[in-house]
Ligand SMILES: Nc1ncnc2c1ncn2[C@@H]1O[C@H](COP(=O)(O)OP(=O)(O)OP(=O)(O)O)[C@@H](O)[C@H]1O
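What follows is a single chain, given as structure tokens, in the form predicted alone.
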């Protein structure tokens, strides 16, 4: 069974920008990486897989779920690390983790505590005052904390 299926996915932003007829599949146990220059459409494809953007045409499915129609279910079942981390103002790192746990219906703190220790991250500070590196670590923790079967990592390095 294909875990991820993308078929003729197109998002046209005009002036030759966007993604055009992107097709690929990922089977259980496989790893797929996108390589390409800035503006090639790697992040746009990832945003479509997460259901954050609606395609002009084509389809994207994860685990048999349409990424546009079932994006709430996909958010609960997929670990996602965005290329650019934008955290909501007014929260501590711990409050952000709690919000993400609620969105994903994640129970328990053992895995989260393990990741916080591994990355030497104190989540009690205000996210607005965190360094870029601390914000990136916080995003990694929330992507991996539910130990998802599927991970989408946009610019993970």
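All values reported here derive from a predicted model rather than from experimental measurement. Positions refer to the first chain, counted from 1.
Keep in mind that the form predicted in complex with the named molecule is missing from the display, and what follows is about it.
Only one of 89-97, 65-73, 124-132, 30-38 lies within 4.5 Å of the named molecule in the predicted complex by heavy atoms, and it is 30-38.
Remark: none of the three candidate residues (120, 137 and 156) comes within 4.5 Å of the named molecule in the predicted complex, counting heavy atoms only. Proximity of residue 101 to the named molecule in the predicted complex falls outside the 4.5 Å heavy atom cutoff. Though the partner is left out of this view, residue 13 does reach within 4.5 Å of the named molecule in the predicted complex, counting heavy atoms only.
Proximity of residue 148 to the named molecule in the predicted complex falls outside the 4.5 Å heavy atom cutoff.
The closest heavy atom approach of residue 43 to the named molecule in the predicted complex falls within 4.5 Å.
The partner is not shown here, but in the predicted complex the stretch 1-32 reaches within 4.5 angstroms of the named molecule through a heavy atom at 13, 17, 18.
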